Structure formats: C-alpha cells, structure tokens
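Here we start with a single chain on its own, the form predicted alone, put down as structure tokens.
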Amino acid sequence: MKNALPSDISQLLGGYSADRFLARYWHKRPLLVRRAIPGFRPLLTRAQLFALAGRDDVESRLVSRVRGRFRLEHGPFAARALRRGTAPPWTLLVQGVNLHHAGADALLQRFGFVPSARLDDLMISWATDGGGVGPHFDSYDVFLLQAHGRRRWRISTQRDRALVPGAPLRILRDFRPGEEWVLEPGDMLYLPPGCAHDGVALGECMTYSIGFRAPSAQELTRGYLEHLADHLQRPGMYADPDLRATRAPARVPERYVERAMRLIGTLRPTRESVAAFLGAYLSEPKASVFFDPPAAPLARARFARAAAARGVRLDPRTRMLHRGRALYVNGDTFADAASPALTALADARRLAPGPLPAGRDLDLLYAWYTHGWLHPGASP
C-alpha cells in the first residue's frame, strides 16, 4: 500500500483547518492527531536510513543508555557501528532526510501552510525497544509522526527546566509527566516550544520529526551585524581638529570615545535592511549542504525545451524565498527579480510543463540549473 498523503489539510491536523490550528494550537498547546495519515508506512527502510547515517554530508547521532547514563556519538557511522543488537537500548537520529529523499521532501512540503522561512527539516529516529533520548524540551515547534512500530509519549507543562548536570544531552533532571499516549503508524503529536516530553520505543520503531526554525535573538543579531558589515556603506570619517597634546599617549582619549559614539550611534536598523538580511539569512542552506551541478549541462536552448516539456522543480536542498520584488535563493539575493512565474516557483517549488518565461526569468532559471539548484522535470 502506498502512503496516502492527505489532500485535505484538516485530516492532517485532526479536523482543524490550517487557520484554526494555528490560532488554537500553534505555539500554544499540544495536539494529538490519531490517523493523521491513515495507512502511513516508512518512506525509507532501515537499511536506507542507516546508509544515510554513513554519509559525511548527512548529520547523524547515536544515543544509547548504559546503566542509567546517556551516551551520545556523532556520525558518520560505518555499517558495523550500527550492528549492535538491541541491548542496551539505542536510537539513531538522522537530520535533513528531506534533502536526500524525494518522498521525505514531499512529506515535509505537506506542512507548507507554515511559511517556508520557518520550515526546517525532517528528522528520522530509529530506535530499539526502550530507546529514546530522555525527557527534554525543545525551543521550536515540532510534529512527531509515527512511521513504524509504536512509541509511548509522555508530556508535561512543568516550568522546572533544570537539567541533569554533565549529561551529553539536555535531559530534564526532574520530569513530571501529566499526559501519556501510545502512537501507532499514522498517528501524530504536535508540540509547541518548551513543552517537556519523553518518547520511548515500544519495540523497534521509527518516528519522523518535522521541525521548524526558531533562531535565537543572539543568532539573529549576530547575523544582522555580519550582513551590515558586508553591505553597509557609511559616509564620514573620524576627525579631531581640536586635538591637544597629551602626557599619556597610550590612554584612549575620551573625546575619541564620544565622537565614535556619534558616528556609530546614528546606525539604526530599518525595516528594509532587516528584511533584506532575513531573506538571505533564512534561505542560506546548512553548512553540510552541497549542490551537484549537472555533469553534462544542457545548452540554454535545450534546457528551455526540456523545461517547457517536463516542467521545472527545485532541488530538495534549495531554499527559495521572496518578498516584494526580491528573490532569495540559497543565501543569494536577486533584486527586482520576483516575476509571477518565479514567485510561483518559490511557493510551489515547481513549475508545471508549459511555455517558459523569456528574458531574465529564463536566464535565472538556466543559471540556477547549472548550479544544481533546480532541475528539468516537475517530479524527480
């Protein structure tokens, strides 16, 4: 039986429309959805998932618990490292599966009712009986979709966030669960940020985590300042025509501090500068992402014919956003380029077969094709 991805978003969200779900639950309270995707089966086999964990361009972790203590290892993992039986319980976590598997990418896009700027990735966890990563809380929203086997989830609204000292994971020291459910394939649990939770495998199981980006204030501020350093051009220069002789030449003059404050203090973020930064920042792929340009790229005219006949699709690794007249693709900014066709490509991540736009639109599509950012063909 093939996976039945719901055409009606209300089934995925337990009978709620996207607007109703966002207003009632998003960032506010948990939601358990039984049969969110009826008949759902894993998109990858265990062997395929383990093979991904062996690649150096895929982020993976292995969590085990020995005599009550958690142990964390980072991939890539050789095949023999994952042949360890079932005791002690262990869990393999593979991030960004959507970047490497078309079906996982299609599943992730089912959550496109949330802006792409917030959508992060699809992580798959495979666990032996009793496996888990311990009670913890996340700083971001997450949907936990059961794909294979069963997992018991316990959640808590506790405010005590004290962690086990010295643990390699952020394990809550005193977890006090308030609700508990067992999820079976196709069931899904939504958790808002800060909701303490603990998932334990009941037999071998596989869980898909659809996570969302939530940069910290520190990350955004640092990124914005780096953006300004690269793009800002400030007029003026320090000057001190009233300079006086000093007997302490190594001392930083107070007048220097005051005048520097006047020069720097006029810097104020504007809505447009922050928006330009966010477009580039949020479309920047992760450091582990690399693109594969076509080995034998089509000539521009042949690409245009192929794209018109078969459509165009973004590579799963491509992040493409738009705002006003600007496009942001994989960290690059294309000013005044947001035509209706390219905006539609950003939203749908594909263009259906048909006549392609000419001029600059085609130039950009062809350039992105040669970078490996998109491909002819509406489906992989």
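The first residue of the sequence shown is number 1, and the count goes up from there. Just so it is clear, the structure is predicted and the values come from calculations on it, not from any experiment.
Although not depicted, the form predicted together with succinic acid (SIN) is the subject of the following passage.
>> Residues V133, D138 and R151 are flagged as a possible site; in the model of the complex, is every one of them within 4.5 Å of succinic acid (SIN) by some non-hydrogen atom?
In response: Yes, the whole trio is in contact, each within 4.5 Å by some heavy atom.
>> Within 4.5 Å, heavy atoms only, which of I171, L119, L144, A306 is in contact with succinic acid (SIN) in the model of the complex?
In response: Result of the distance check: L144.
> Tell me, which of V164, L93, A276, L108 has a heavy atom within 4.5 angstroms of succinic acid (SIN) in the model of the complex?
Replying inline: Flagged contact: L93.
>> Please tell me whether any heavy atom belonging to N98 falls inside 4.5 Å of a heavy atom of succinic acid (SIN), as the geometry stands in the model of the complex.
In response: N98: no, not in contact with succinic acid (SIN) in the model of the complex.
> Quick one: is M123 in contact with succinic acid (SIN) in the model of the complex, heavy atoms, 4.5 Å cut-off?
Replying inline: Looking in the model of the complex, residue contacts with succinic acid (SIN) include M123, since a heavy atom lies within 4.5 Å.
>> Taking succinic acid (SIN) as it sits in the model of the complex, is H197 in contact with it (heavy atom to heavy atom, 4.5 Å or less)?
In response: Residue-level check for H197: yes, a contact with succinic acid (SIN).
> Taking 4.5 angstroms as the cut-off for heavy atoms, does T128 touch succinic acid (SIN) in the model of the complex?
Replying inline: So T128 does not count as contacting succinic acid (SIN).
>> The chain here is shown without succinic acid (SIN). Which stretch in 207-215, 238-246, 261-269, 175-183 comes within 4.5 angstroms of it in the model of the complex, by heavy atom distance?
In response: Heavy atoms within 4.5 Å of succinic acid (SIN) in the model of the complex occur in 207-215.
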